[in-house]
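Before any questions on how it binds or moves, here is one chain, the form predicted alone, in structure tokens.
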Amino acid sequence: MIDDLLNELERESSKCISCGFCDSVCPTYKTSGYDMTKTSRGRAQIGYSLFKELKSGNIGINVSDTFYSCLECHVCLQVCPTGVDSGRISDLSKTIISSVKKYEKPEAKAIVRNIMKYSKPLIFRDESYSWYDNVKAEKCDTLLYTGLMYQLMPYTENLERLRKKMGKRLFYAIISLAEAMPGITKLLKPDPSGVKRANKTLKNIVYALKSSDVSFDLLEEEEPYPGSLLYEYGYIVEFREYIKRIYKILGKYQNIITIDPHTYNLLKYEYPKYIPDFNLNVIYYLDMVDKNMLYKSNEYFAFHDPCHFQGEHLYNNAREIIENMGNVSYPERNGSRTYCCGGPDELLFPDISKNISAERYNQLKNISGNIVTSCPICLYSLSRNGNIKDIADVIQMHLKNRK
């Protein structure tokens, strides 16, 4: 496995001619203080160095921050004259790092252990399950699968506050303890206002589906995490093992309705690569929303494209729906060259994440103060700078027969 990964890493990284075109579009370059190790070009060059050093049996530098800080928005690929994808280089390098067990991030290891033990990155409290109170689930062949993304964001908010309060040294000491004792994360409380916001959006998603006459079942407290961070942090061996467990649960249904871009892409495009008999029909909930029940207002929206809706697996229905509800403008960086919200760096590189989200928020704010997105991670990340709406909340306000 390692040899195959190294060979692909060499092929991808050796294409870099160090022209620097990618630096102009890489969100982590400027926001890291122009740190060359945290830009697309740096990742390509350090990826090639990693290949050479591993082949010689000697790793002389700590390369983890270079690749873990990559947002994997893949915008670099859009401007590279030789077709270098630094996002793919980061994926390969993280997988290699996790395989050789050197330079792993302690935060990543703690999250991985939690997922493998509890089927969740963090242990949820009761309030995170309150959103489906009074939601009528139906025994049928369709499952509404949240992927737990909306529910996770309030914990992320309090985790960052804890980091600031304790200071980095004490915080990372506790993280290291959590790596050995995953259960310690049950002490983490979610942000109350974040829980309220997430629950409201989840209920609005349910309402939009019910208004469109969509029937579905729910797993409630038994709902597992899909394994996104296992995949994104490069723990492919663990990911392969983990999703077999998840597939046994999801495989009881024929149709899986997902509600966030990360879970949608993971189930639709990555699960089938590792599960030979995968035969689930993976649907994004916006595809189930009846556009005829929406009315168009005179509102002006600025729409933020989630990275996972662009690139290789293009998804445009979020744009179509928001355009059905008002007048929509897009920032200069949109579509295949969208500017990431910074959310994927929140857990490991919070300062970079915060700087990126502020940059993106200002790009959107300059167009309209009425900013909308369709991803819970983007929603949380951008909301640190001002008011952001989830597309489900906008749908709720534009239902013709809203009660």
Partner chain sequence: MDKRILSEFIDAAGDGNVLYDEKNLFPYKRGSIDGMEEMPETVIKIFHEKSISKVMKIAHKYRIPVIARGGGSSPTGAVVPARKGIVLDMRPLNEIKVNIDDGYVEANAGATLEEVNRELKKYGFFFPPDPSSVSISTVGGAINENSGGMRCARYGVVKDWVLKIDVVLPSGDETSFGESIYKNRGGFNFVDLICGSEGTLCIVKKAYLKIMPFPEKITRIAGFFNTIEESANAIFSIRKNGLNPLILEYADYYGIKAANEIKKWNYPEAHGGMVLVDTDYGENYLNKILKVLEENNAFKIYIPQNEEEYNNIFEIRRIAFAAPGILYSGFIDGDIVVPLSKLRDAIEGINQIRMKNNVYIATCGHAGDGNLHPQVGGNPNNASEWENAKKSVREINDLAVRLGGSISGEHGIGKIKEEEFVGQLKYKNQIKTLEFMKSVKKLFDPENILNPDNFALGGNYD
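Keep in mind that what you see is a predicted model, and the values were worked out from it rather than measured. Numbering follows the first chain given and starts at 1.
FYI, the form predicted together with the partner chain isn't displayed, but the following is about it.
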#### Entry: Segment assignment from 240-248, 194-202, 73-81, 297-305: heavy atom within 4.5 Å of the partner chain in the model of the complex
73-81
### Query
Even though the partner chain is not shown here, does residue 49 get within 4.5 Å of it in the model of the complex, heavy atoms only?
yes
### Message
in the model of the complex, is there a heavy atom of the partner chain that lies within 4.5 Å of any heavy atom of residue 33, even though the partner is absent here?
### Response
yes
#### Entry: Heavy atom of residue 126 within 4.5 Å of the partner chain in the model of the complex
no
### Query
Any chance residue 41 has a heavy atom within 4.5 Å of the partner chain in the model of the complex?
yes
### Query
in the model of the complex, which of the listed residues (332, 222, 277, 213) lies with a heavy atom within 4.5 Å of the partner chain?
332
### Query
Within 18-48, which residues come within 4.5 Å of the partner chain in the model of the complex, counting heavy atoms only?
18, 19, 20, 21, 23, 24, 29, 33, 34, 35, 36, 37, 41, 45, 46
